[in-house]
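In structure tokens, the next block holds one chain alone, the form predicted alone.
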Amino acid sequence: MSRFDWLSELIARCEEEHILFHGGSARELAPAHVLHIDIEDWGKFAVMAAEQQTRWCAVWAVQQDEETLLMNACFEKQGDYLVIRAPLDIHSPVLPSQAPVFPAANRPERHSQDMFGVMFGNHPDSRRWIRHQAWDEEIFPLRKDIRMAHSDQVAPADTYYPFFQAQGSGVYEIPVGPVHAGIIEPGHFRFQAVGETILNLEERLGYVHKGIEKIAEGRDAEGLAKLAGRISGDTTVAHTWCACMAMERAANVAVPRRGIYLRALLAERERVANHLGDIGAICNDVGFAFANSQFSRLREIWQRTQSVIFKHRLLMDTIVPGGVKVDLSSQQCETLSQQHAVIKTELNELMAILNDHASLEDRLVSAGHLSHELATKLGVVGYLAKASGVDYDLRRDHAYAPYDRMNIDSPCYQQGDVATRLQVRADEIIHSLILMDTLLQQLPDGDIANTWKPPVAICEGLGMVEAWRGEIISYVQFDATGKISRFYARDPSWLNWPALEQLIDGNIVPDFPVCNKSVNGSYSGHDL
């Protein structure tokens, strides 16, 4: 099927259902295709999109003026993206929910409900999600008439959140969090169990809501890049790249080829660092401390090199609008290539030990199973999807520079358990090492950044990047002065966190930590 053939079929199907489309410019949110529809067709379009087996990606609102919100929903199929848009009266912001058709829309729609006051008809769950008790019910923080406020008052505890209740002989409840014993961020998990068997898990997130979308307003491009890099510290490269990609498309600013190659190198290094840490942590959660110490050692060596060469252990602020901030000398390129060879050798040796360890296999194989059907239904991304047979990788399927000139060997398995999610990470490390060698060998000469030219008219852009957790989508709108008027970033964790509630059912309580770590959703990336 050629590019957007599926879209032609979708449009034809929608026309049969009398869904009307309105025109838009060819550059509007390119490379995504854009369709303008009437708000009453919002729910019907989701049904048609589901019939075409598209994947639901994101929803966000943009306040156009004192009277109108512009609702946006993003879909993907075969690496092509489609955004539908519909105007919504801000005084009666009601539209059909897409969550009954696409479960992935559940929490993002509740985010729009809490932040903009949008009411979704036929939504399966209308409870507050992201705002907790920080604002009164009639205050919607992302509307333009609400100013960013600083207060010393502590928000009331979310004591009365109506968690799901299970009753029956032998059923008991286990509350975990939101404050945990380790250094992880806060998130609440409420279990119902019989004996050691988990019957149900419900998550409550949003405890570290930072107001990213609000404090983005009025920033210049460099300020937004810095802010995007702090959405989730372990994904600082990918979030900054995605935000910069959206800004550069909006402002029609090109990035030099050398800068593009260096961005990819930074993103692959971020992928390797996090996968090394995750493999060790997964093993540690089932008591295999040897593996944790070895993978932690490799990650520490990796990050120390980043501190020396790129001036930051986590590579924060290395990407800027128009390019990158740090260049590489020929000697530094050689140092990195040598490190790639060492990591590859050690990883192969360690994975041979892990694969031959019977007690590790006993804890990881079949634990936290996520079927292909459920992964597809939930719209999960990244290693979580690839371990369950969902073969999608933006670097290959929506090939953006420089990956459009490279061979992307993305792993895909069917087993869908913790062991497979660990294996996907190991495979991705090896492939990232190969990619980085290629990037260094083919690194073009020239500038690493072009001068940023602020736009002089209202404009908008969309960015999509394959982060180490999976797909990131960023939307940016500039006002007529070249300042940010709207920023929205959808971290992969928005799509992956709900899968944890599903894959844990039927597992034993002691396996929750390792199942949770195999998903490794970002609290901060979710809690914009």
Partner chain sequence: MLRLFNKIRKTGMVTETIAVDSDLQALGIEVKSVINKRFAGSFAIRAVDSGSCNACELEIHALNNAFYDIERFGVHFVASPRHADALLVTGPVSQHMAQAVLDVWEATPEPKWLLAMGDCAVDGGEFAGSYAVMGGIAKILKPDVIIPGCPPTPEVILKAILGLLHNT
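Small disclaimer: the values here were computed from a predicted structure and weren't measured. Numbering follows the first chain given and starts at 1.
Just so you know, the form predicted in complex with the partner chain exists too; it's not on screen, but the next bit is about it.
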property	result
Non-hydrogen atom contact Glu217 with the partner chain in the predicted bound form at 4.5 angstroms	no
The partner chain contact at Glu346 in the predicted bound form, heavy atom, 4.5 Å	yes
4.5 Å heavy atom contact, Gly211 and the partner chain in the predicted bound form	yes
Partner proximity in the predicted bound form: Ser296 to the partner chain, non-hydrogen atom cutoff 4.5 Å	yes
Check all three, Leu328, Glu471 and Phe512, heavy atom within 4.5 Å of the partner chain in the predicted bound form	no
Partner-contacting position among Ile90, Ala426, Ile130, Val320 - heavy atom within 4.5 Å of the partner chain in the predicted bound form	Ile130
Sole residue of Gln303, Gln339, Asn72, Gln192 within 4.5 Å of the partner chain in the predicted bound form, by heavy atom	Gln303
Among 90-98, 446-454, 232-240, 251-259, the region lying within 4.5 Å of the partner chain in the predicted bound form by heavy atom distance	232-240
Stretch 315-333: residues contacting the partner chain in the predicted bound form, 4.5 Å heavy atom cut-off	Met316
